[in-house]
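In the block that follows, a single chain appears as structure tokens, in the form predicted alone.
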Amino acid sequence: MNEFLQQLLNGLALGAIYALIALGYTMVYGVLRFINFAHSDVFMVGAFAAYYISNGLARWLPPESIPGAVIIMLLAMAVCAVLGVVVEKLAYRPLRDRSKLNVLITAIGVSLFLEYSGQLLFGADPKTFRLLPSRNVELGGLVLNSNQLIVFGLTLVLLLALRHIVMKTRIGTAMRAVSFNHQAAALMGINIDSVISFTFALGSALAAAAGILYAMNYPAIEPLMGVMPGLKAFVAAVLGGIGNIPGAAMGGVLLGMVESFVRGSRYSTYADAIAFAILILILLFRPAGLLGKSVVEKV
């Protein structure tokens, strides 16, 4: 039972990170109906932004302190929010009226551009980065790491903040309107470009937070660190129902727990493959995802 509970805790921590990344995929898909495959590399940029900001501000804001860690995370999220807006304006906006295949190929190109630009700018060698000191707490035979508690708490805060923005603010109402019908939203006076830019900024900021939390648990960061977590987060978004925000969060948590249990078993070598096996099963038996709804498209 202790081993079961330990893997459950580990899976929740990992799933929380997948959930934050998946939210970016699902928000962009909900508004524009395409998959932003460059989102996983914004996750990487967020980790490196925090790394260089922490080095630059170490004399005034030690990353081991809570105020320093909070400010570093907020600055890194701001950097990635700006990056998301720039990518949308330069790469995706000119193709908005083109075929979705063109946009998909462009997204893959932007992803590769960010990865190899990262190798050029940051270097290909892994760098050690960690915010806040890590401590283990034993509770009834379970080992709970302080970083896991931070991941749980911060993810919950960000999810509640996102829900408030989407459901209780004017820009959130505009996002939901654009997601439902672009043309009708434009006729009601909503600035479509501003809403889409805000969606990219918000999703990219969450990806940056996920990158920092990932670096706290796996302290070596490198320019290709976003590839596998990004693919798994995409699987999580599809699992929960692409375009559905609660579904993306639930899919991330479920995928993290499944992966954790597989890693703790004799089949640990198949831990990465299990995510893609889940994707195949979902596409075969429930293409809309667990919380998604099948929509009949009129011709």
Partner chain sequence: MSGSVALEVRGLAVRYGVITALQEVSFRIPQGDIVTLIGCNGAGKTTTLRAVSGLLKPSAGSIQFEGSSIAGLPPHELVRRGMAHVPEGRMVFANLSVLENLHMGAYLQRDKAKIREMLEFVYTTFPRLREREKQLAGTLSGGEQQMLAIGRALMSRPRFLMLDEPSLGIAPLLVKTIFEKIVEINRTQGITVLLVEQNANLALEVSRHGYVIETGRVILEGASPVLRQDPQVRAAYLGG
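Positions refer to the first chain, counted from 1. Keep in mind that what you see is a predicted model, and the values were worked out from it rather than measured.
The form predicted together with its partner chain is left out here; the points below concern that form.
Put simply, of Val86, Met228, Leu149, Ala184 only one has a heavy atom within 4.5 Å of its partner chain in the predicted complex, and it is Ala184.
Of the residues Asn145, Ser179, Asn217, Ser197, just one reaches its partner chain in the predicted complex with a heavy atom at 4.5 Å or closer; this is Ser179. The stretch among 131-139, 169-177, 154-162, 203-211 whose residues place heavy atoms within 4.5 Å of its partner chain in the predicted complex is 169-177.
Contact check for Ile190: a heavy atom falls within 4.5 Å of its partner chain in the predicted complex.
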